[in-house]
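Form predicted alone, single chain, as structure tokens, below.
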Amino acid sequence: MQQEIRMFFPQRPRGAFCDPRFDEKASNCAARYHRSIPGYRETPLDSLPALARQLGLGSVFVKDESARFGLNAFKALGSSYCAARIIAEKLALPAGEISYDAIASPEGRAALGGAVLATATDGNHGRGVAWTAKMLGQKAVVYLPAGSARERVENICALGAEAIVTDWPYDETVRHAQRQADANGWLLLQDTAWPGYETYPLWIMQGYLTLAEEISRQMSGKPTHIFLQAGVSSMAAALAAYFAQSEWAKRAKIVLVEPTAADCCLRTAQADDGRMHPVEGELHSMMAGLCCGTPSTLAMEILLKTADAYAAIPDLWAARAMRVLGNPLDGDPRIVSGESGASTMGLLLALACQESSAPLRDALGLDFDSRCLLISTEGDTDRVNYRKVVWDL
């Protein structure tokens, strides 16, 4: 099995970055809303000192999103905030004054007019949309690409949504969801943007800023490296935009990670011609949440200005990371991380442990003084595959 990783380092000076859509004020608005939701609990930022020593690093921090709203992934942060912004706009409520009580009130629910929330998903985003719809007393229709794990489908149905598995890969499933939403008058809450469809994806991205707000308070000292999952890249771009204009900006390098089989961000950045370079056809990777052939236009615009490196890893390294996080060294906390959630740790392991990766490690400046920040974006959202990986391989 191929073990090599690929990386691209943009040859551009890193200048000052400013985007008020993703600054501290925007993060505070999102976090204030999420804290008002019953059941909100800040997810932990775990330190893994034993693993850091083993890898020859100064420190490793992992934000564990497996307990977010009981949904085993971070995605509901985006869909819930987007729905709140839609309702708030109808109620003429400023973003800084949005609360769960106002959104879930009879007036708030009536503002949606019984609209159906629709989306396409590899699993976690659709579950978040289904949860959001249930919270607001609305219906949801969720489309999933061919080959989606049964557990992910069942998790969406358990929240009262209709889940439909298509015969197509992710990108075509997104287009199908858009067509169905247009034909039926549904609200499409998609976490990727394209020309003409950017407002809702923007609000979803701003919802992810709650992650950044929590991390900024939880982490003592500044990171030297921030590793983020790509996929359509909405989460990665939101956090990259936030951190690139924060007090961490001058020191922290932002590194994106995606599967070798779905390296659309790396291809687009490497081409450097202002066009998207999608990965066509079937996308074969167990990192289902990152199996996206085309990045969000809104996200890619930001990443081209903020990312310091793009990496593509084979499934093997994500699997190793799942086992490492689930079976920690003495004193380190155990983290149950799914295939996509563990991808950033997979890259870190490959860089630290594989001799052929030494030039890439040096190019990133990873050494005993490095302070690495990672986000485990999901827990065992496909428990059958999780058990197969951590027990059988």
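Residue positions are given as counts along the sequence shown, with the first one as 1. No experiment lies behind these values; they were computed from the predicted model shown.
This next part talks about the form predicted together with a small molecule, which is not shown.
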query = Would residue 127 show up as a contact with the small molecule in the model of the complex if we use heavy atoms at 4.5 Å?
reply = no
ask   = in the model of the complex, does residue 263 have a heavy atom within 4.5 Å of the small molecule?
value = no
key: Interface membership of residue 311, the small molecule in the model of the complex, 4.5 Å heavy atom rule   = no
query = Though only this chain appears here, would residue 233 touch the small molecule in the model of the complex if you measure heavy atom gaps against 4.5 Å?
reply = yes
query = Just one of 143, 317, 227, 74 has a heavy atom within 4.5 Å of the small molecule in the model of the complex. Which one?
reply = 74
ask   = Out of 84, 241, 290, 209, which one falls within 4.5 Å of the small molecule in the model of the complex, going by heavy atoms?
value = 290
ask   = Residues in which of 119 to 127, 91 to 99, 157 to 165, 278 to 286 have heavy atoms within 4.5 Å of the small molecule in the model of the complex?
value = 119 to 127
